[in-house]
Each structure stands twice: as C-alpha cells, then as structure tokens.
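Take a look at this single chain in structure tokens; it is the form predicted alone.
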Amino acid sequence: MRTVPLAISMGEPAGIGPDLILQIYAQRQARDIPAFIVYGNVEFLRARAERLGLMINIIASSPENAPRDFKTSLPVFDMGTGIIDSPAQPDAKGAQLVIDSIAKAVGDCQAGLCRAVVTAPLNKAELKKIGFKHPGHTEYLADLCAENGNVPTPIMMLAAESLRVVPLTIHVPLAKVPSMIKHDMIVENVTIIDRDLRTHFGIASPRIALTGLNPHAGEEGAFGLEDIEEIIPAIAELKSAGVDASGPYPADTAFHLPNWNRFDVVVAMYHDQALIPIKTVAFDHAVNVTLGLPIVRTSPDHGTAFDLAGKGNANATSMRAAINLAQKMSVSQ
C-alpha cells in the first residue's frame, strides 16, 4: 500500500527552513526518516539544494501521487509562486508562499491525503507586511481548522523527550496576562491537554502540574489573589472530572528537574514562564506541538535564523525531532 506522507510546509524561503528540510532528506537512509511531501516551490528548492551542495532529485508531486520509494526522490507540491533563492532577504512573494503552503498542507491533511503537518519557521514581521493578521502559526492553524464557524482552541506545547510544557497565554503582553487567567479558561485548556496526551501520546492518565501566576504561587494572597480565586478552584474542578491535575506550584520550584520529572506536562501561566526552562535544558531538540486541533501539527522550536540560511551549517535536530514526533503522534491517534 502507498505510504501516506507527512506534509511539511517549507517556511520562510530566506531562512533556514528549506535548508533543514533538504539536510534531513539527505540523511533519510541513515536516520530512517518517515516519508514526507514538501509544500513550497520546486525550482527554489533545487536552487537551495545546489547552494548547499546536496545532490537531491526534487520532483513536482501531489500527496496522492508521491513516489512509493521515498528514498529516490523528494516530492514537492509546487505552490506556483515564483521566488528566488536569496538567503536572509525576505520579501512579499516569499511571505505569500508561506501562507499558501500552510493552508494547502492543512487542507490536504484534513482530507486524509497527509497524516500530519510539520511547519518550518516563518517570519512574522514579513507576514504582517502583507496583511497577515494572526500572531503566529498556532492561531492561523486554528482558523484553518474551523468547522461551521467554530474555531478550535489551539494549545501550544513544547515537548522534549519526557519534558513537556504548556504556556496558558502565549503571544500577549505580560501586563495583560493576569486578566486572562480565568477559572473557565484553565479548565478548558487543561481538559484538552489531558485528552490529547491520552490520544496522541498514549499516556493513560496524564499527570498535569499547574504553576502559580504570582511569586510563590501567591503565598496565600500576599502577592496577588489570582492563584486563590482562579487557579485553585479550576484545579479542584479538574480533579472532580477525573483529570490528574495538581498545584499551583511556585514556578521556580516546579521547573527544578526532580520535580519536573514527576509530571507528564507542566502548565505555566504565561509564555516565558514555560519557555525559559525548556529552552534552557532542550534548546536544540524541543518540538512545538499544537494541541486542540483535529489534525496533528508539530514544528521546530526555533526561528528562521537568517544568519545561517544557505550556509549548510544550521542544526537540524529540532526539525528532525518535529518530523519524528509528528509520525509517532499520527500513528497513535
């Protein structure tokens, strides 16, 4: 039977996304890389491969007609946007290609033509110049997955081996975070996290820790009331619903590794509270996973790295981990 491939969006053409995809494909035999199809531009990828000194047979394809033998040629769904291989020089054509390739990859995944979506890094500043309204990948993916006007609740999880973190609030100013940490929001998000850890990660009873919002988890109201009024009641409701949730724990001790290893995921209240610890211990191999969607989506946990684009020395560890995790998650669902 034909192997249903993973879908990989090429990402920002001027960044390292194309480099990583090509480097990983070149390693496919040594590392047993699962089959994938790239959504991007054939001629651009051929030019970038030549720049990197990689001898890769790149062919135009669709997921339905992707070659059975993934090891002989790299299939690319050509989005038809003519772009030039110009490392570190983003432009409007490249930004439009990024948006279009993500949308097509998600659509094909929803149609069952691909098993999961892996997205290479994008350049948010360039996307905003052409009218992109979303804060990032996560929110755009949720809109693409909307059904009958109902937009799913997307949740960003960073995963590295047994270490997983979720920031409850993501791309918002820190000053707005306290007003967003509400009982119902916590219950909804943690319920989704519990469900997806069971479904996609095969964890029968996920152990979920929640940090406090304030220093020392508020220290009984001395440093703020959000922990008492919002977080603690939400944890109680989750427990009554059968979710193994606990906390709130002071963030400075929750992320001490002996404590961290007691849990399957740590849910933090804001972006940096979650991302600083995991990037400290797993910067090169953490994977960005979007929970709460009807499809599986992963991404490397880094940006476009314009200074490395086209040079052949970008670290592909996180991108390779994203591909392998997408494969595992899509098999287990």
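Keep in mind it's a predicted model, so treat the numbers as computed, not measured. From 1 onward, residues are counted along the sequence shown.
Just so it is clear, the following notes concern the form predicted together with another copy of the chain, a form of the same protein that is not shown.
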Specify the contacting stretch among 303 to 311, 42 to 50, 267 to 275, 55 to 63, defined as having any heavy atom within 4.5 Å of another copy of the chain in the predicted complex.
267 to 275
Of the options Ile130, Val172, Ile84, Ala146, which one has a non-hydrogen atom that comes within 4.5 Å of another copy of the chain in the predicted complex?
Val172
Asp252, Glu188, Glu229, Asp100 - the one with a heavy atom within 4.5 Å of another copy of the chain in the predicted complex
Asp252
Verify the flagged residues Phe223, Thr280 and Phe283 against another copy of the chain in the predicted complex: is each one within 4.5 Å by a non-hydrogen atom?
yes
Is Glu219 part of the interface with another copy of the chain in the predicted complex - any heavy atom within 4.5 Å?
yes
In the predicted complex, is there a heavy atom of another copy of the chain that lies within 4.5 Å of any heavy atom of Ala111, even though the partner is absent here?
no
Taking another copy of the chain as it sits in the predicted complex, is Ile155 in contact with it (heavy atom to heavy atom, 4.5 Å or less)?
no
With the partner left out here, check for me: in the predicted complex, does some heavy atom of Thr138 sit within 4.5 Å of another copy of the chain?
no
